[in-house]
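Just one chain is shown here, as structure tokens, and it is the form predicted alone.
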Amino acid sequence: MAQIKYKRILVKLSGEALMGRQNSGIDPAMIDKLAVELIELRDSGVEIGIVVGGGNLFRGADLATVGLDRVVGDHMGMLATVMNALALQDSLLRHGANTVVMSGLDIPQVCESYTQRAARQRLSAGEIIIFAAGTGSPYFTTDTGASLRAVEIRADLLIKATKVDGIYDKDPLKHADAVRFTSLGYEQAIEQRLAVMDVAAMILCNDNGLDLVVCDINQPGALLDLARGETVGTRVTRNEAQQ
């Protein structure tokens, strides 16, 4: 069995990844599938942090375009991520994994408040940590929250787990001739405006030398393969790489 290359990983799960085959909401079967894969990853010796999005339940930025106050919408979106985090935590606990939800917003009756020191200590103790409510501030996406938490906990790798198998030069759902990148640099991704993460998130990763991999969460064993250093999806690095 291949050895683990990355000891500490931050996994960014989009809200859409939790929908399974549904059009919205949370698919319990998908949550359980994710929990089993995450526990397998932890049992291999990897320390795991998770950031969850909330797009399956609510998108504050979309409603802001039709009149909802942006700050109000963003706070509602943060609460959607908390709901997703609690659902994932429940499944992980039922499968026997020590798991805690740490929130960027103070909601003591529901989950713990995030602190960098506590997060590092609990990861080192083998707990799976789910980071909810993004950065805790409006105007920042969960992508930026994932990059920030990854840097703060000193993750070795950031994985963005979505419903697509990597980064393409154009939308593969709309263009049959779309080409998938195996690897590229952050500068290239920003200059070409590729749909990777928002610019603030990529700049944060680039400045801190943190590699990002975009992969399909529905690919069996993808997370464990990445932890072993195998090629999965598209890797984005500080130095520009060839396609």
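Please read all numbers here as calculations on a predicted model, not as lab measurements. The numbering used is simple: start at 1 and walk along the sequence shown.
Note that the form predicted in complex with a small molecule isn't included here; everything after this is about it.
Counting only non-hydrogen atoms and a 4.5 angstroms cut-off, does G166 reach the small molecule in the model of the complex?
G166 lies outside the contact set for the small molecule.
Can you tell me if R59 lies within 4.5 angstroms of the small molecule in the model of the complex, counting non-hydrogen atoms only?
Heavy-atom contact with the small molecule at 4.5 Å: present for R59.
Looking at the partner-bound form in the model of the complex, is D225 within 4.5 Å of the small molecule by any heavy atom?
Result no; D225 lies far from the small molecule in the model of the complex.
If you check in the model of the complex, is P172 within 4.5 Å of the small molecule, heavy atoms only?
Flag for P172 set to no.
Given the small molecule in the model of the complex, answer whether the residues S14, T135 and P138 all have a heavy atom inside 4.5 Å of it.
Affirmative, all three are within 4.5 Å.
To test your reading of this chain, name the stretch in 202 to 210, 49 to 57, 27 to 35, 176 to 184 whose heavy atoms come within 4.5 Å of the small molecule in the model of the complex.
In the other structure, the partner sits against 49 to 57.
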